[in-house]
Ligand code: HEM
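Take a look at this one chain, the form predicted alone, written out in structure tokens.
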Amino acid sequence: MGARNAFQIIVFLSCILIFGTMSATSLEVDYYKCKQICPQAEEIVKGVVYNYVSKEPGLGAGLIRMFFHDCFVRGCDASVLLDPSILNPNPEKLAVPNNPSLRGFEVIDDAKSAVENVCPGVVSCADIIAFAARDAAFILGNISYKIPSGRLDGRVSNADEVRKALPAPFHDLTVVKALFAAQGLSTNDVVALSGAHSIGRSHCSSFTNRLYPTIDPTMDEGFGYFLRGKCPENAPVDSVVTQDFVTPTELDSQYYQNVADRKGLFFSDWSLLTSGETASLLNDFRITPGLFEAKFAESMVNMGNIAGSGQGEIRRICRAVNY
């Protein structure tokens, strides 16, 4: 038996094992490889993401956030990528939680173009977002996991749906948990995915209500004065600050130490301390080596399983539906 045939048999058998353990969803690990649709798809995306994120780590944070913002609105269907058009002048990307803060669209564009050059018309933009977020997590945090794929791209994108679905920086724990539960996600997922605040940047406007006119008593006072220096009251420009001042370019458990020290930027961060369940999880993630990384990977997969409408297409370009 030749080496090539032996390799193909190994891949085939591994796919059978993977498919045999899949849930009722249509998503499958190694979907493009096992179906022989585009075996190189994930590696192509990984190469593009590495080229960007190795130069600008903030783009990695943006890609993880993009995955979150896509999946929580209409499921993981790349609806967040659609540009405004005559037929749809108000898509998700123009909603306040996304505009102008959401980053990484150019990475997805280049990854899609690279995949199309090799395998035209078969790899969805929704899967590319999922792969890109997974690859960013590995580059920034050495977090490795398999992400099921086989998603379709949605044809509907409505900015008015975004605020209703996404947790906001000012939400308390009750609201955050309810929004996660609406997507089939658990309290464990709430705490694990909040760890993404270990990387990236935030606009001052997302938390200055905790700084003025007085410093929120739920925030460490010294940290509050430090943030006032970064975000002056009534500033003409909405500046940005890093979300984790200790390890700003590393996706790690430092976030949980920051929250325990009352040095998280958002009220929603502090609210994790208001429940015995979430406070206990937060403490476990803070002190147990490797626990955050394992649970973050698990929760990213859980979030990637949020189903879309079940109807869609493979877009030719990610910014517009096919016509």
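On a predicted model such as this, the values are computed, not experimentally measured, just so you know. Note that residue numbering follows the sequence shown and begins at 1.
Below, we refer to the form predicted in complex with this ligand, which is not included among the displayed structures.
Contact check for Tyr32, Phe131 and Asn305: none of the three has a heavy atom within 4.5 Å of this ligand in the predicted complex. Just one listed stretch, out of 279-287, 256-264, 41-49, 55-63, contacts this ligand in the predicted complex at the 4.5 Å heavy atom level, and that stretch is 55-63. Screening Ala137, Ala196, Val162, Ile147 for any heavy atom within 4.5 Å of this ligand in the predicted complex leaves a single hit, Ala196. Taking non-hydrogen atoms only, Trp270 never approaches this ligand to within 4.5 angstroms in the predicted complex. Under a 4.5 angstroms non-hydrogen atom cutoff, this ligand in the predicted complex lacks Arg228 among its neighbouring residues. Interface membership of Gly200, defined by any non-hydrogen atom within 4.5 Å of this ligand in the predicted complex, is confirmed. In the predicted complex, Arg210 stays away from this ligand, with no heavy atom inside 4.5 Å. Contacts of stretch 103-140 with this ligand in the predicted complex, defined by any heavy atom lying within 4.5 Å, are made by Arg103 alone.
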